[in-house]
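Next up is one chain by itself, shown in structure tokens, the form predicted alone.
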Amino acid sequence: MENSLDIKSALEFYLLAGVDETIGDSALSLSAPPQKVILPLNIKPQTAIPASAPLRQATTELAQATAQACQNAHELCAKAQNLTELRQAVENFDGCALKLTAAHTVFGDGNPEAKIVLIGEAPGADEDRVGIPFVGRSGQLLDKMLSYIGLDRSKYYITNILPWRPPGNRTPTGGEIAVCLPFLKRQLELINPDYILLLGGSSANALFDNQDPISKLRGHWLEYPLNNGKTAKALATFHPAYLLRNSGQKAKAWADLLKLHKEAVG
């Protein structure tokens, strides 16, 4: 016995089965009368997956390695009781591949007891070469701008989200940031500052876990939770490397520094 279906039903069946093209010996005439397509009875539709059936989420080896590295970083941070111990933990940490291509671990610089902490994204070529954050052209510009509001490295502490330079100064991946972020947060816990100046959108996005552009974040005070219920007032501004490429934005960055000066210095 044969099961006969018209053309429309056959096409619907093929679409449901995943067919997306047809091949024949002759062209189909749209003016010809409808034809019958003979399908064998042994063709069975695919069984639909019940809505209640649990879906197994695929986990890549890279995701597993990142999760394990994050866990290891958290455990090391919990053991570090001061910045010296934390620096040693970072230098001994092998959970981030950036360390393999970096010349130095760039931990932090300045006064560890200062009430102001500055945070950038990652070391550049100059910082990687000497192992100190913000010593290149962008760092020199930053030092000059901060000097106008009475700040130098004896009065603030400066660090980055990542302690290792990404090759070619490329943008860090989400996994790299996630692995290194526990070390930054532990630095903030140990320093316990009153104010945080975030240099660039990447550092602000990482610390506050958002994706807002720096144009939206800058110039507004935010609150970052620290120890024992204390919060630090955080202010985002343009990264000095961006200002070197876009000098027209320096006026906005200067306005941000004046806001910091009025609140934290003046």
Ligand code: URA
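Numbers for residues come from their place in the sequence shown, where the first is 1. Here the structure is a predicted model, which is why all the values come from computation and not from measurement.
Omitted here: the form predicted in complex with the ligand. The next part is about that form.
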**Prompt:** Should residue 134 be classed as touching the ligand in the predicted bound form when contacts are defined as heavy atoms within 4.5 Å?
**Reply:** yes
* To do: State yes or no: in the predicted bound form, is some non-hydrogen atom of residue 120 no more than 4.5 angstroms from a non-hydrogen atom of the ligand?
  => yes
At 4.5 Å between heavy atoms, is residue 239 in contact with the ligand in the predicted bound form?
yes
Do residue 138 and the ligand share at least one heavy atom pair within 4.5 Å in the predicted bound form? yes
Answer among 74-82, 97-105, 179-187, 122-130 for heavy atoms within 4.5 Å of the ligand in the predicted bound form: the stretch 122-130
Looking in the predicted bound form, the residues of 157-177 with a heavy atom no more than 4.5 Å from the ligand, listed in order, are 160
